[in-house]
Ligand code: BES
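Quick heads-up: it's one chain on its own, the form predicted on its own, in structure tokens.
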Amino acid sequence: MFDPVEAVKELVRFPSVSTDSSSHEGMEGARRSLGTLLTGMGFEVEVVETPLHPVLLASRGGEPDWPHVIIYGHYDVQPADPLELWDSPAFEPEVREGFLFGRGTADNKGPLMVHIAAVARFLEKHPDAPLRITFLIEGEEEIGSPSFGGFLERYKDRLAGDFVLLSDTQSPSPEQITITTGLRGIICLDVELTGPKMDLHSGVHGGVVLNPIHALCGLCNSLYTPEGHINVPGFYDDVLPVYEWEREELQRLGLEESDYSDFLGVSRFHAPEDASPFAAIRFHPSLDFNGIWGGYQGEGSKTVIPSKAFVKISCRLVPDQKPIAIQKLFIETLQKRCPPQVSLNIIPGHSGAPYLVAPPDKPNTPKDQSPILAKAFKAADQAIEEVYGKRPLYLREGGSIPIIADLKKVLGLDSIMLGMCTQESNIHAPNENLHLGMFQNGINASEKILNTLAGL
């Protein structure tokens, strides 16, 4: 049995930044390291080429009537910038006071290793266990998984399983694990407004043309009501109600709003008036302006009326909102509200559908829910309580993992998502870290889940 912590360290040393074309060696190194590890565990490993970064597909076969679990993860990471804010180099993993620091430790190399190590232990003890296992590890998650849909269509026969097991979500603390039951979807838009054909002197021409920055700010402001609701006609039409059991689980979270505001560094929240901040990020859609610019940005002043102004918009969606339909509503609304003195150009960006799954015996549990999925949920519940000393929370999460909805759409598979990092893990930020106690307990819990699925 290999040392799981050392295996994570080895992976972290590869700068597998999928968005950076100069990181080819890092991407290949991480993929090769995982392939070698899985081959040594007895898996049949295939590197599947895609238009961008290959997918690693590793299979342990068996009889057709054995349960088949698909374990998902990704080997790509976010850029480490800004490098000067790291306390130790981003790609030189370092253990300090029970935490492993380095880019990818929490997203997703550490949590992925939870399940790889659990499978290694499981097979070492039970080499003939009646359980089929397939690892599906991609290299494009951090750039929106553009190749993933096509890959699933090509390999859906090979991936005919019972459910997906993964850890790419968060829990509130290392001692309180969440089984994530929902993810928000996403749409992105780039918006460009053009006024005069060139930048103009604001004294010579000020007051006779509409400044594109003025127009853009007004346009953005029109997308929200004073109460904090999104002001796009038809936007909320398909939003599903939140079940009472979900609100009860949220109450079990036990977090204080003051602690959350202190963590964020804000004096008060800006959530819809009828929602707590914890409910807003799980149950409500959101709209954000991720970047806005125009005109002179340098030191001092340059008194111009800019020719152009730009904004990047993203919107998080909840079940059962449809990304294409919501994107269309936004485009139509922006076109109608755009002042005639400026021209509008909208470039749609990536999108992903929201996702929702219910554990067994809930009001919204499908009557035809797979017996193996139900068994896996119960196994996860029991394993987490035994290992961590607390039963898991069942909560939606505010983030988006579009491939989870793709797995459901193409393969018909639901996902059990075990949160193996916390908000203090600093994913996508400097000093990203993995809580090693949470990591080791996760391995133990994952192994117990496999034991139950195999009937051992």
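This structure is a prediction, so every number in the text was calculated from the model and none was measured. Heads up: residue numbers just count along the shown sequence, starting at 1.
This protein has a second form, the form predicted in complex with this ligand, left out of what is shown; the following refers to that one.
Residue heavy atoms within 4.5 Å of this ligand in the model of the complex occur in exactly one stretch of 386 to 394, 29 to 37, 55 to 63, 399 to 407, and that stretch is 399 to 407. With a 4.5 Å cutoff on heavy atoms, E142 counts as touching this ligand in the model of the complex. R316 belongs to the set of residues with a heavy atom inside 4.5 Å of this ligand in the model of the complex. The closest heavy atom approach of H350 to this ligand in the model of the complex falls within 4.5 Å. Using a 4.5 angstroms limit between non-hydrogen atoms, L250 is distant from this ligand in the model of the complex. A heavy atom within 4.5 Å of this ligand in the model of the complex is found for one listed residue only; from S147, Q321, T169, T333, this is T169. Listed residues I427, V45, M41, I70 were compared with this ligand in the model of the complex; I427 is the one with a heavy atom within 4.5 Å. For the stretch 102 to 140, the set of residues having any non-hydrogen atom within 4.5 angstroms of this ligand in the model of the complex comprises only D107.
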